[in-house]
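Only one chain is included here, represented as structure tokens and corresponding to the form predicted alone.
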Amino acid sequence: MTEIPSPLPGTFYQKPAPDQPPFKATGDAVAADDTIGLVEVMKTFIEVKAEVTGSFAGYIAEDAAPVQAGDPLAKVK
């Protein structure tokens, strides 16, 4: 199991927009360059990439939660 860490401090979002589904659902295939979420810092949204290939095991961080650099955001099997 691989944890995907936050690249920087900010607010983590599981969805591209409030009215859209999360980037990944449990069991989805994940490629190394897939976006799994966004971290917002001062109105700038940074894509969080998986960097590994596997099966999405779920989010660790809640949607719209504050995170610090290195905090685990999601898991990939």
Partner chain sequence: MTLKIVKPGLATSIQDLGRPGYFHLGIPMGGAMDRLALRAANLLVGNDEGAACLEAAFLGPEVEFTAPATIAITGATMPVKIDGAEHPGWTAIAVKAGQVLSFGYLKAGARIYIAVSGGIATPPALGSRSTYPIGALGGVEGRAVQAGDELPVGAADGAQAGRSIAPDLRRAVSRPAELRVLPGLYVHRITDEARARFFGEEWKVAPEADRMGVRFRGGSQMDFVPRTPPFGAGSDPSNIVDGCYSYGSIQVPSGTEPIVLHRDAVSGGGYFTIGAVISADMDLIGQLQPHTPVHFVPVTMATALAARAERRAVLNRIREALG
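Every value quoted in this text rests on a predicted model; they were computed, and no experiment measured them. Numbering follows the first chain given and starts at 1.
Below, we refer to the form predicted together with the partner chain, which is not included among the displayed structures.
The partner chain in the predicted bound form comes within 4.5 Å of no heavy atom belonging to V52. At a distance threshold of 4.5 angstroms between non-hydrogen atoms, A17 is out of contact with the partner chain in the predicted bound form.
With a 4.5 Å cutoff on heavy atoms, A69 counts as touching the partner chain in the predicted bound form. Although the partner is absent here, D28 sits far enough away that none of its heavy atoms falls within 4.5 Å of the partner chain in the predicted bound form. Contacts to the partner chain in the predicted bound form (heavy atom within 4.5 Å) from stretch 4-31: P5, S6, P7, L8, P9, G10, T11.
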